[in-house]
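The form predicted on its own is given below as one chain in structure tokens.
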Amino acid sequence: MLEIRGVRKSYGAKRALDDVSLSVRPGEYLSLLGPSGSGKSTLLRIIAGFERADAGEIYLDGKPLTAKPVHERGVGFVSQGFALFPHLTVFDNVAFGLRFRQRNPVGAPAEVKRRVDEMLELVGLGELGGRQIAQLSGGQKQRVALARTLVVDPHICLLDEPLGALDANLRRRMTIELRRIHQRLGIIFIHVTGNEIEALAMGERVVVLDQGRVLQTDAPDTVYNRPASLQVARFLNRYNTFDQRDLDGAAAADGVSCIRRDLIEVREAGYRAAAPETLTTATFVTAEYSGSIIVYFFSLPSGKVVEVEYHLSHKRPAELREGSAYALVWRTDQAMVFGSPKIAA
């Protein structure tokens, strides 16, 4: 188990991490989700030992890590840019850590070959050991970086935006590969990303960070369906927010109402909401088609934009008229209400 207790880190006047505490279970795949500057990469670098915390402690299996040098922590680190050696082959890149690590380097060529070949097979590059790095695709480079990290048998694998440099198709394929490799090895993986879809897809639990503080730690479906705060709901990029001035009549809530965009139904203007429904009136602006999903954009009288998502495999989208008013309706019990309506102003 990895335990992070009260970790703080500042750069001058800027607080990067503010009293962060987490427990990561043995063999868990944990996603760290947050916007740029939220502190997620800083936390990873402190776990790895590349940076020192100003305060707080980190324990691995009950033993303190904070004072240990990088090479004694048993922590592997995969960066977004891969950091591969362009003058070495795939095999020699993966073998580098075995041959040249400070503690217990592996000098026997047969043992190096056995372990590198085994790791290349695990990441699906068994036939590419002799290739030069320049001959590889982005996805293949990512796998080499992962193999180089895992070949030294770390207790923890830290992944800092590992899919950020890949195109959409490669990203989808690598999410499957990373989960497969994690299941085979059974060690802790901590995966940093600013992409909410990636975080929800990868992690057994998702930690949401912002401005150096943990906002929520939960299973992906809980984070998605029951965000703990307005901040989390907005960051997930799946929720519309409404304050009292946006809602019609008695449906108005004392606070900011959040409703997922795929839970809103579009009705003709003049539709009367019946309990347990909430309603707002909005003007249709335009639609955006993206494969299996259509997103409709509406404008409220306040100028706020509302997004309504239709999944084509589930229901037939309505034919809407640009510039016309419609009733947007949802079940009141499917919405969440947070804080003061002033937040959404």
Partner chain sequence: MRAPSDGTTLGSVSVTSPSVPARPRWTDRYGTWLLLAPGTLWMLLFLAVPMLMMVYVSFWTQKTFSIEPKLTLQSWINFFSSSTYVGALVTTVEIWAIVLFFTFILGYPTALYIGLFIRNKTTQTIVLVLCVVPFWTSFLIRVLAWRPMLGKEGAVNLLLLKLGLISHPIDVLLFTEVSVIIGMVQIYVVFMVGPVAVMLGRIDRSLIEAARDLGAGSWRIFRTIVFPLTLPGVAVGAIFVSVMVLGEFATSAALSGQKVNLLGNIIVTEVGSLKWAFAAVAGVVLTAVMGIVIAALLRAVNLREEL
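Fair warning: this is a prediction, and the values are worked out from it, not measured in the lab. Numbering follows the first chain given and starts at 1.
Separately, the form predicted in complex with the partner chain exists; it is not shown, and the next lines address it.
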Of T217, Q140, T89, T149, the one that lies within 4.5 Å of the partner chain in the model of the complex (heavy atoms) | T149
Selected contact from T175, Q231, S79, T241, since only one has a non-hydrogen atom within 4.5 angstroms of the partner chain in the model of the complex = S79
Segment that reaches the partner chain in the model of the complex - one of 290-298, 66-74, 26-34, 306-314, heavy atoms within 4.5 Å = 66-74
Assess the spot marked by R45, G97 and F100: is the partner chain within 4.5 Å of a heavy atom from every one of these residues in the model of the complex?
-> yes
So, in the model of the complex, is A83 in contact with the partner chain at a 4.5 angstroms heavy atom limit?
-> yes
Hey, in the model of the complex, is F50 touching the partner chain, heavy atoms inside 4.5 Å?
-> yes
Partner contacts for 204-220, taking the partner chain in the model of the complex and a 4.5 Å heavy atom cut-off | none
